[in-house]
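In the block that follows, a single chain appears as structure tokens, in the form predicted alone.
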Amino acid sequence: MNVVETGMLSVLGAVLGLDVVSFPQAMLSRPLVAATMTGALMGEPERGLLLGATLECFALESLPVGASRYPEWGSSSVVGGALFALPSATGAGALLLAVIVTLGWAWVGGWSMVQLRRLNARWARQRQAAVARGSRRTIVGLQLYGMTADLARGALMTAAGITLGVPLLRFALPRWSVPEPVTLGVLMVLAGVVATSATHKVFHVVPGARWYMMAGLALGALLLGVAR
């Protein structure tokens, strides 16, 4: 992957990283959207969609609420999408490795967001008197500082993830010897268990939620059978 491609993807990662919390929170940073956009940008939309759908099963477990720490899916999904869109990244092994890298990098991204919050708090303390006076210029400036820093954080996270992930994938993929059906089966089972658990945790208090879930599973299985 050359410098131009890395730079282009870093811009995308910056925008999607910004969408997680700062602006505009339009759900563009969800793995299903972010990885698909990355795959399309790399000329592999189908791979991006496949990776994004798999990652979305894991992302359902985390709810970005308040000041809690959670994975940063925006820029990390760009990293995973870029890795899985490489010409050599074919097969279930490449999908599993891209998922592992994305999950790990999402937690690193979560840590970077905590550091950004601390930086924002430091900037706010330095301007506490002006904020207390209700200075519009100071308040707008703090918001712009925070969003600009978050934009830079997303770009750096994406560039660093691709720089580290590409050689890691190229090293590990030729050495992956687990049969493809086993690899894909294990990955799908893990993703399904996490997604089911997350869905149940959120909706178990809804009357009839169990029946809705069973109906959804039956409909999904029916659609899968028709597609085949």
Partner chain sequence: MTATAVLPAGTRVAIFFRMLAIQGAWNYETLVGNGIGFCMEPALRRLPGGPHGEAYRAALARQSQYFNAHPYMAAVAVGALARAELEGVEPARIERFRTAMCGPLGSVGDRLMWASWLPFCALVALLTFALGAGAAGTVLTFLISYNAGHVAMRIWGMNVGWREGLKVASALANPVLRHGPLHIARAGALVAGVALPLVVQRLVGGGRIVQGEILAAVLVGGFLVTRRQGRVEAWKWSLGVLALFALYSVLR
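Positions refer to the first chain, counted from 1. Note that the structure is predicted; figures quoted are calculated from it, not measured. Here, rigid core means the biggest group of C-alpha atoms that superpose within 1.5 Å across both forms.
Keep in mind that the form predicted together with its partner chain is not shown, yet the notes after this line are about it.
S.K.: Under a 4.5 Å heavy atom criterion, is Val11 part of the interface with its partner chain in the predicted bound form?
M.R.: Val11 lies outside the contact set for its partner chain.
S.K.: With the cut-off set at 4.5 Å between non-hydrogen atoms, does Ser197 touch its partner chain in the predicted bound form?
M.R.: Yes, contact at 4.5 Å.
S.K.: Quick one: is Gly134 in contact with its partner chain in the predicted bound form, heavy atoms, 4.5 Å cut-off?
M.R.: Output for Gly134 is yes: heavy atoms within 4.5 Å of its partner chain.
S.K.: Could you tell me if Gly192 has a non-hydrogen atom within 4.5 Å of its partner chain in the predicted bound form?
M.R.: Yes, Gly192 sits close enough to its partner chain in the predicted bound form that at least one of its heavy atoms falls within 4.5 Å.
S.K.: Consider the chain as shown here, without its partner, and state which of Ala160, Leu50, Val166, Leu41 has a heavy atom within 4.5 Å of its partner chain in the predicted bound form.
M.R.: Checked against the cut-off, the match is Leu50.
S.K.: Using the arrangement in the predicted bound form, list in sequence order the residues of 92 to 127 with any heavy atom within 4.5 angstroms of its partner chain.
M.R.: If the 4.5 Å heavy-atom criterion is applied to its partner chain in the predicted bound form, 92 to 127 yields Leu96, Leu97, Val99, Ile100, Leu103, Gly104, Trp107, Val114, Arg117, Arg118, Asn120, Ala121, Ala124, Arg125.
S.K.: Is there a C-alpha shift of 2 Å or more at Gly216 between the shown form and the other one once the rigid core is superposed?
M.R.: It does shift by 2 Å or more.
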